[in-house]
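This document starts with one chain, in the form predicted alone, laid out as structure tokens.
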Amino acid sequence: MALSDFWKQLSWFYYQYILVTALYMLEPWERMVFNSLLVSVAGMAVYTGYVFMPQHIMAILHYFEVVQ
């Protein structure tokens, strides 16, 4: 029961995503390309934030002399 409710909720969110981004007008292969690019860009942004943000935060803290 819970698994079917979860699946319904997930499919509803996917349907909303397709409607909001107007992907319903695209063919399936175009939708796959768009989603792949979106996931790739989001993954690169998360990776870049994970790798470089600590260095920038430490530089800012040193600049404002919060950390010696």
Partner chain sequence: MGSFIKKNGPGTGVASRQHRQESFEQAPMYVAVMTYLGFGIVTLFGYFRDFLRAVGIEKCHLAQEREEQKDFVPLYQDFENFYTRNLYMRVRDNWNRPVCSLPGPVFDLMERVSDDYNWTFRLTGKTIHNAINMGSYNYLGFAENNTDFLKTVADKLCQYGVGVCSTRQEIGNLGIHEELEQLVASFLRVESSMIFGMGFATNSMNIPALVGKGCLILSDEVNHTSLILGARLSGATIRVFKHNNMHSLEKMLSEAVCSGQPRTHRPWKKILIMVEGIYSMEGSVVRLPEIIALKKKYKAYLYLDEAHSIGAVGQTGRGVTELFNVNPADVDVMMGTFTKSFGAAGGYIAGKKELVDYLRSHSHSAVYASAMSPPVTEQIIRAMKCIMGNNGSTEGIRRIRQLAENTRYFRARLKEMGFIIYGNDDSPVVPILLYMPGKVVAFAREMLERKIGVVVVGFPATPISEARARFCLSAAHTRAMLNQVLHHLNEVGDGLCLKFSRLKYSSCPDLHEETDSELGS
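Residue numbers count along the first chain shown, from 1. Given the structure is predicted, the values throughout are model-derived calculations rather than measurements.
From this point on, the text means the form predicted in complex with its partner chain, which you will not see here.
Answer for Tyr50 alone: is it within 4.5 Å of its partner chain in the predicted bound form, judged on heavy atom distances?
So Tyr50 does not count as contacting its partner chain.
Quick one: does Gln16 come within 4.5 Å of its partner chain in the predicted bound form, counting heavy atoms only?
Heavy-atom contact with its partner chain at 4.5 Å: present for Gln16.
Although its partner chain is absent from this view, report whether Pro28 comes within 4.5 Å of it in the predicted bound form, heavy atoms only.
Yes.
So, in the predicted bound form, is Ala22 in contact with its partner chain at a 4.5 angstroms heavy atom limit?
Contact with its partner chain, yes.
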